[in-house]
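Okay, here we've got a single chain as structure tokens, the form predicted on its own, with questions on binding and movement later.
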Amino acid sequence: MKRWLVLVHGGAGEIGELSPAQEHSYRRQLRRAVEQAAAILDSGGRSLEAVTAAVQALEECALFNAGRGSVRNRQGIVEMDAAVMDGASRRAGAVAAVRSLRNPVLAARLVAERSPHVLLVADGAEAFAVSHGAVRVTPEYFTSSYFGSAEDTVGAVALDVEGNLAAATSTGGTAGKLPGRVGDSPLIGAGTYADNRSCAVSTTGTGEHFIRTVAAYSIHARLLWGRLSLEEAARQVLQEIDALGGTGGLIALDAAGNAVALCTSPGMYRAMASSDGRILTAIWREEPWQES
């Protein structure tokens, strides 16, 4: 049987001390997300389906800054962004500044598969998604009242048994942001990228810095033309972001099945599942993967 692999992240940043119960909750939800993807990949499903399912699970659990748990802008309104990209075709779809969609990642996939476009925003994105079956929710659905400095994001990357890569990312953005602000998550090449020739990447952190460095595509370029390893490429990009004053992390897979989950911040919620049946999680930057 050919190997498959999936990684997810739940955002990077200043992770404070967690009680045992809180830590258990985070690890449980990360595990649930990779289990959703693993079920698809283990049955021979596509990597794009797997990353969509993983991110959808994280959007719905309310512990992370995406979907139900999205933070609010200066006006107290939720504005969410998401993107997906298929490494086989390089087809991509994204939505930005949507306010009432239950699952922005599903809307992003609709843009990729049901429209001739890559990025739709605000009311136009919502109308398009709803016209193709996306579910709308009321403002009361969103559980976060946070206006602080959170910059978390959720994302997933996967390699399926056919050797196809895919990536998906979703976020509520930066808490207290200016209305209409869009970060790196829905920008193809900045926060999300997948190409079977190189890698699949989903990022998290200070989005403006990931945009300015075209972070996800920069990893792809270092692999495809610079002939660097995945880890070398990822570390170089994070060093470049750090030099500009940014912080954050990323998960990435290459076409050979090599995986990285790196961050410059104190922590990054992350999990991994593979065709060998193991599920691993980690939270803090220097923490080794552990069975979960």
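Because the structure is predicted, anything quoted here is derived from the model rather than measured. Just count from 1 along the sequence shown to find any residue number.
Not pictured, yet referred to below: the form predicted in complex with a further copy of the same chain.
When a further copy of the same chain is considered in the predicted bound form, Gly124 lines it closely, a heavy atom lying within 4.5 Å.
Although the partner is absent here, Arg102 is not a contact residue: none of its heavy atoms lies within 4.5 angstroms of a further copy of the same chain in the predicted bound form. Shown alone here, Glu232 lies farther than 4.5 Å from a further copy of the same chain in the predicted bound form, counting heavy atoms only.
In the predicted bound form, a further copy of the same chain sits within 4.5 Å of a heavy atom belonging to Tyr217. At a distance of at most 4.5 angstroms from a further copy of the same chain in the predicted bound form, all three residues Leu120, Gly180 and Glu208 contribute at least one non-hydrogen atom. Listed stretches are 219-227, 56-64, 256-264, 25-33; the contact stretch with a further copy of the same chain in the predicted bound form is 219-227, by a heavy atom cutoff of 4.5 Å. Counting a residue when any of its non-hydrogen atoms is within 4.5 Å of a further copy of the same chain in the predicted bound form, the hits in 230-268 run Glu240, Leu244.
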